[in-house]
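Only one chain comes next, encoded as structure tokens, the form predicted on its own.
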């Protein structure tokens, strides 16, 4: 069993492997990643369509296929996020880290500053962390919660234009288009949010690989198997 000091990120010797990420969290993580990939690829071609292809038009439905894949991935993205919110209430303490930033704790801010220095190559000292470190937790909150909600709202608002006025999507999300200044502005905000999500994904992958190599706890294997492993303390 680990103690409070280990949970808050301080270095302790002989921390035992700890089951951190439960199966629903891990499944959501990979479905979320897959849906983001499909949404970004298809969304790019929706924003910047391919030139017309030769031959009989009835033999081609490429852009229609892109749109269909985009909509399917959007449903996976949204339903997965709703399930993830549910699991934050019924899962373990680490399942709630994505949604709650303990900004009222001075120790959290201290560890956040340390992580900024660590990833900024201003210190070589690393802490052992059970869940997400404060820097990762902050990034997850702003990109996997706030930005995800923005993408869902603006995406279904644009989807409602195809379904028509009075549709379920129009009733639930149609208000976003006039709020953002019209359909064109909403599309540009949605596209901008997509690029921001891509930037986050690249940085996230880099930091996960770097953590596995340089930090004192496992990273990639943890989100695959759920168990946090620790490297031996240096003398």
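What you are looking at is a predicted structure, and each value in this text was computed from that prediction instead of being measured. Residue numbers count along the first chain shown, from 1.
The following text describes the form predicted together with a small molecule, which does not appear among the structures shown.
* Site test, 114, 214 and 229 vs the small molecule in the predicted bound form, non-hydrogen atom cutoff 4.5 Å -> None of them does, since no heavy atom lies within 4.5 Å of the partner.
* Using a 4.5 Å heavy atom cut-off, state whether residue 134 contacts the small molecule in the predicted bound form. => Residue 134 lies outside the contact set for the small molecule.
* in the predicted bound form, residue 71 touching the small molecule (heavy atom, 4.5 Å) -> Contact check for residue 71: yes, within 4.5 Å of the small molecule in the predicted bound form.
* Report whether the minimum heavy atom distance between residue 78 and the small molecule in the predicted bound form is within 4.5 Å. => Contact check for residue 78: yes, within 4.5 Å of the small molecule in the predicted bound form.
* residue 179 near the small molecule in the predicted bound form, any heavy atom under 4.5 Å? -> Result no; residue 179 lies far from the small molecule in the predicted bound form.
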